[in-house]
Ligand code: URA
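In structure tokens, one chain follows: the form predicted alone.
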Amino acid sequence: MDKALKSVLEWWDAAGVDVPDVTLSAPKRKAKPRPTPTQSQAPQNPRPAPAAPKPAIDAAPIAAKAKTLAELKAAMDKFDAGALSDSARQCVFARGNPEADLMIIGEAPGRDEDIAGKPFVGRSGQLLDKMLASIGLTEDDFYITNVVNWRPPKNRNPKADEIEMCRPFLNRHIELAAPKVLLIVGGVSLSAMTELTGIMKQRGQWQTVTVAGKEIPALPIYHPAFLLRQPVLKKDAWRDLLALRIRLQA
């Protein structure tokens, strides 16, 4: 229609007839129909949406209900620690004498500990036992647990949120055991217990840890796994052990 009108207007214009200005609309293009996807074009085996992470469970009320170490262990055995407990065989609670004056706080279980269900039973644990034996301490003289009681996947260090999730259990554990002295083993434990960083700088420096309103002297030392890689530092560890023996004797 526009094409015919244009032709007439041009003919009138050539004949000397005054022609009004007329805006011609652009020709409309017919939209091409979109091809309907065939079965061969449809995506094959689409990826399922990733599962939402499980919300963290507040351990504080669970830990507070435990009146004894046995009740605390039973509660932790049933606790859903998310990715930690999903990838671990079991909760690694403690070993040693819970009535000892000395309580040792490690970082997290490894493969050997995950299998045995006890902390510090692998190579580093054997070295720790020898270190403590060098100042006259046997398993009857100390009690060992960890900041995190489930083995992290692939033996990685525990994450900050995992440490915070487990903190109520650790605090209740210390409260129920009521040690007179804490031995903090490794940089992860140092940070979790004192908020300090740098085990190279802080080792051998007495700190104070407050749990349930009670102040407890705490001594940070190198992790025995670190000493296995850096045996030249065993002389520093020996000095720290002597300081520990003096405090325990006092």
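Numbers for residues come from their place in the sequence shown, where the first is 1. Not measured: the values here are computed from a predicted model.
Missing here is the form predicted in complex with uracil (URA); even so, the following discussion is about that form.
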> Can S124 be called a contact residue for uracil (URA) in the model of the complex at 4.5 Å between heavy atoms?
Replying inline: yes
>> So, P152 and uracil (URA): in the model of the complex, are they within 4.5 Å at any heavy atom pair?
In response: no
> So in the model of the complex, does any heavy atom of C166 sit within 4.5 Å of uracil (URA)?
Replying inline: no
> With a 4.5 Å heavy atom cut-off, would you call G96 a contact of uracil (URA) in the model of the complex?
Replying inline: no
>> Only one of 96 to 104, 133 to 141, 82 to 90, 114 to 122 has heavy atoms within 4.5 Å of uracil (URA) in the model of the complex; I'd like to know which.
In response: 114 to 122
>> Given a 4.5 Å distance limit between heavy atoms, list every residue of 140 to 170 close to uracil (URA) in the model of the complex, or none if there are none.
In response: N146
